[in-house]
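Just the one chain here, the form predicted on its own, laid out as structure tokens.
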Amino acid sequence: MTETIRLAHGSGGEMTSRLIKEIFYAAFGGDVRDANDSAVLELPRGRTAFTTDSYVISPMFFPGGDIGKLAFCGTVNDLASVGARPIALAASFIIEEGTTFEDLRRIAGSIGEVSRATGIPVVTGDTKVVDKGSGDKVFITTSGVGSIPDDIDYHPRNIRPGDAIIVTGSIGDHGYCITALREGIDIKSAVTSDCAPLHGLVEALWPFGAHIRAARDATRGGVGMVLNEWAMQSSRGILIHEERLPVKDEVAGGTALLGLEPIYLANEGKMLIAVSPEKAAEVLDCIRAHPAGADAALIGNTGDDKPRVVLETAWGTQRLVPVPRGEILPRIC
């Protein structure tokens, strides 16, 4: 008989202890005898980055990852977006009664795998169990702390006229993958979620110092939303070129049938980088030399006009790229 989560697993007693030991300690490592109410960290001197996020994606498992890998990578990438080197993560789980131990082990195992692969530990966490029907199997909240080098300041306020806009790879893969699953589309191609940690790629850009103006992982709302936020925060116009946007043929075709635009679809392994024009070519080469940036492209530049995002189409015409209204795709991450 399949073992499932019961309300007693959230009671704080023996069943809770067994759940934490057999699922989470088994996946993340560590010794349960060292457990305490807080993790104690040795932080490097200098500025510290801290972030938190919640993950409620449906379905929980998808080609290229699952909610566990997504939660870990999403938090790592949020730290990387400000130029931080991730030091440690925390993970909190809300588990619906009736969730199978098999699914929970698979999710925790994904977190453990990417944690070991990156060398970034999960040092503390929490579990709560809710009544059947009060949740949707598993929700995860992750927090992360990282260290920022003294000469790194990645923020849209630093963007200047003429800066180059680079995207580190093909866009829309994650959003299309999840949409196809929900719509029952059989993906007979290599399109999977791009869920991946990007801190190593960002660290490779540290030597460029202040030439890197800003960085952001393009998750909900995709590239279009990030560019609109940058335009507003920097008071700069941004012009991008449709023909330069790296979009896989399968994603372009599939989104056209679904009435979606890749520029607004979520990514979980792509970063937007704003860089000074004099270093743009070098930065692009550096990004392409990293495994996570092989398909990087320079997609546009900033201007000094009013803050808006303009797309030059393949036909040479121009149109606005507005902030997306409403929910493009709910529970995408």
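Note that residue numbering follows the sequence shown and begins at 1. No experiment lies behind these values; they were computed from the predicted model shown.
Below, we refer to the form predicted in complex with another copy of the chain, which is not included among the displayed structures.
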query	finding
Option touching another copy of the chain, based on a heavy atom within 4.5 Å in the predicted complex, out of L260, V114, M225, V251	M225
Interface residue in the predicted complex among A294, A281, L41, A26, criterion: non-hydrogen atom within 4.5 angstroms of another copy of the chain	L41
Another copy of the chain contact at R220 in the predicted complex, heavy atom, 4.5 Å	yes
Exercise: N301 in contact with another copy of the chain in the predicted complex, heavy atom 4.5 Å	no
4.5 Å heavy atom contact, S170 and another copy of the chain in the predicted complex	no
Non-hydrogen atom contact F61 with another copy of the chain in the predicted complex at 4.5 angstroms	no
Stretch in contact, per heavy atom within 4.5 angstroms of another copy of the chain in the predicted complex, of 99 to 107, 192 to 200, 242 to 250, 229 to 237	229 to 237
Triplet V82, P156 and V323 all within 4.5 Å of another copy of the chain in the predicted complex via a heavy atom	yes
Residues from 252 to 281 in contact with another copy of the chain (non-hydrogen atom within 4.5 Å) in the predicted complex	none
